[in-house]
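Below you'll find only one chain, the form predicted on its own, shown as C-alpha cells.
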C-alpha cells in the first residue's frame, strides 16, 4: 500500500480576488523524488508554498505525514514545519549572518534540535562541499555556492519533506549538474520525499521518479515518465518533451 508524505485534496487558492490554484489534487508518494513541471506562472511555486504550510487553501485540505493540517493550531503547525525543509527560489539567505549561522538557523528554532548544532552544521556543509566556510559572509560566495548553502540549510535537520524551488536558476550547466546530483545524494542518504520545481526537463528526467504537470493553476497529470508518454494530453507531452 502506497504511503504519502503529502496530499493536497481538492484545494483551491484565491489571492487578491484571483483564483490561482483550482481544485488541485496532488499526492506525493513517500521516499520519492517528484518533479513539478509547467510554464512560468502556472502555479508551481504556489503549490510548493502550500506544501510548506506557508499558504492555506481557500477551499479543500492539505494533509502532511498522514494528518490534516489545521492552520489555527499553531503548536501542531510548528511541529509539522520542523519536518519540512525549503529552498526558496530567491534563496532567502540572511546576509547579516555567516554561512554557518544561516545553515544552523532551522536548528535554532527547534529546541529538540539544538544539541551539537556546530557539528550538524559542519556535516551539512561538508555534504554540499562547503566545509570550512562556516565563518564566511554570504556575500563572499558565488551564486552556485549560495545555492548550496540554501540546500544545506533546507536539509540540515533531515526533514521528511524537502522542497526545492528552481534550484539551478541562473547557474551554468556544470554547476547545475552538481546541484541536481547533490539533491539526489541527499535524498538517497536520508530517504526524504523530495519535490523539485524546475524548467530543466533534461535533468529532471534523469533524477525524478514521478512527474506532476501544472497548467493554469491545475495539476493536469501525475505519473511516471512512461505514463506521460502514453498521455493523450498534448500539454503533458510538450511540458515533459516526450
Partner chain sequence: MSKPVETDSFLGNFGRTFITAFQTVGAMTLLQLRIFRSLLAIKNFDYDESVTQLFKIGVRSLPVVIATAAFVGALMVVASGNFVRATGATTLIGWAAGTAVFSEVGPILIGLMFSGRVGANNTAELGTMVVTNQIDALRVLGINPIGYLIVPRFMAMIVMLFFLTAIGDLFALTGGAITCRAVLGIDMRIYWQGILDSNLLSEFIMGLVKAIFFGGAIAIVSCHWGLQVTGGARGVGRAVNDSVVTSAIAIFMVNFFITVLWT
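Positions refer to the first chain, counted from 1. None of these values were measured; they are calculated from a predicted model.
Keep in mind that the form predicted together with the partner chain is missing from the display, and what follows is about it.
Listed residues 81, 133, 122, 160 were compared with the partner chain in the predicted bound form; 81 is the one with a heavy atom within 4.5 Å. This chain is displayed alone, yet in the predicted bound form one of 178, 49, 203, 32 has a heavy atom within 4.5 Å of the partner chain; that residue is 49. Partner contacts here mean any heavy atom within 4.5 Å of the partner chain in the predicted bound form, and among 166 to 174, 124 to 132, 99 to 107, 144 to 152 they occur only in 99 to 107. Although the partner is absent here, residue 90 lies within 4.5 Å of the partner chain in the predicted bound form, judged by heavy atoms. Taking the partner from elsewhere, residue 54 is found to have a heavy atom lying within 4.5 Å of the partner chain in the predicted bound form.
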